[in-house]
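The chain below stands alone, shown as structure tokens; this is the form predicted on its own.
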């Protein structure tokens, strides 16, 4: 644990942002990030994720509360603090007509890097993000994946200690997403990161801490392992084989059971969502017996868990209503 506030990379206290005296974008957010933390920031659209990140960058002024970066209060005039941060916005945009070389050189000059530093650094970054073959091409012809890789290079040009990446895998194809996640894992060995994402599996793969925002409130902040321990894997897929009438008969019997919130059939895949407080083993045993009784073959069973951020948030909000959020706030203050 960090000994005191000056050891923390990010610290916020009762951070609040209200737009135009009517829209509460962020409400009373308190969190502490130690060096080496890789924080996954989760929430619906409009939950306050980007507002929190912009406050951390000093791009917005807080309505109340404060945020400190490396022990110093962040604000619009804290250019020295911003020099220690690498930022990627959602859907990064670049000036038309510039090339990776000219744009990275321009950004490096804004950071005040002398030519003998910036030239070799931008060359090594272009090579690192695999844009060497297009380093002299206009950026406006780039694909989403190429643009994302250029954004990564831009965020690293100042050799920052803290990286703040807002939806870095947004719009990427599976190959681009994979290379982005691998890059985050590599950077996590030496830097502190805040990664905002809609995709729980991305957060699960690369982060060690999680913060969940809902309607501007921080409803969870802590280790990812602790959060995963609170999650229930209550969704299952069963692949079936056999006579279609027998499968339909099985479906109707399972629909009549009280253990399931929803039961549906897609081709020969039975999708089950269990109620929150049922005995999972007992409920599934009843389904297996029904399948056997109707002479249907069970090919495979998969636990789907909470596959998306939306399902994940539904779960956490349920826990919040049971006092979970109050409990962790009390523990945090202790």
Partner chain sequence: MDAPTTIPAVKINRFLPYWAVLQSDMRQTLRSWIYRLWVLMTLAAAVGYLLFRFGARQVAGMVQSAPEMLGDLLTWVIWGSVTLIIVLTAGTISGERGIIADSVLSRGISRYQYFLGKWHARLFVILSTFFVMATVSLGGAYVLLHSEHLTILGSLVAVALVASLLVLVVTAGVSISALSTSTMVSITLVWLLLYGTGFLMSLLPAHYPSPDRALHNLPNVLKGLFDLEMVSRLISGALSVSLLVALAGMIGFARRDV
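In this text, all values refer to a predicted model and were calculated from it rather than measured experimentally. Numbering follows the first chain given and starts at 1.
There is another form of the same protein, the form predicted together with the partner chain; it is not shown, and what comes next is about it.
With a 4.5 Å cutoff on heavy atoms, residue 217 does not count as touching the partner chain in the predicted complex; it lies far away.
The partner chain is not drawn, but in the predicted complex it has a heavy atom within 4.5 Å of residue 111. Remark: residue 177 does not count among the residues lining the partner chain in the predicted complex, judged by a heavy atom distance of 4.5 Å or less. Although the partner is absent here, residue 121 lies within 4.5 Å of the partner chain in the predicted complex, judged by heavy atoms.
A heavy atom within 4.5 Å of the partner chain in the predicted complex is found for one listed residue only; from 184, 139, 154, 210, this is 154.
This chain is drawn without the partner chain; in the predicted complex, the residue among 255, 96, 127, 245 with a heavy atom within 4.5 Å of it is 96. None of 167 to 175, 72 to 80, 199 to 207, 235 to 243 except one has non-hydrogen atoms within 4.5 angstroms of the partner chain in the predicted complex; the exception is 72 to 80. Contact check at 4.5 Å (heavy atoms) against the partner chain in the predicted complex: none of 249, 262 and 295 pass. Looking at 7 to 35, the residues that come within 4.5 Å of the partner chain in the predicted complex, counting any heavy atom, are 17, 19.
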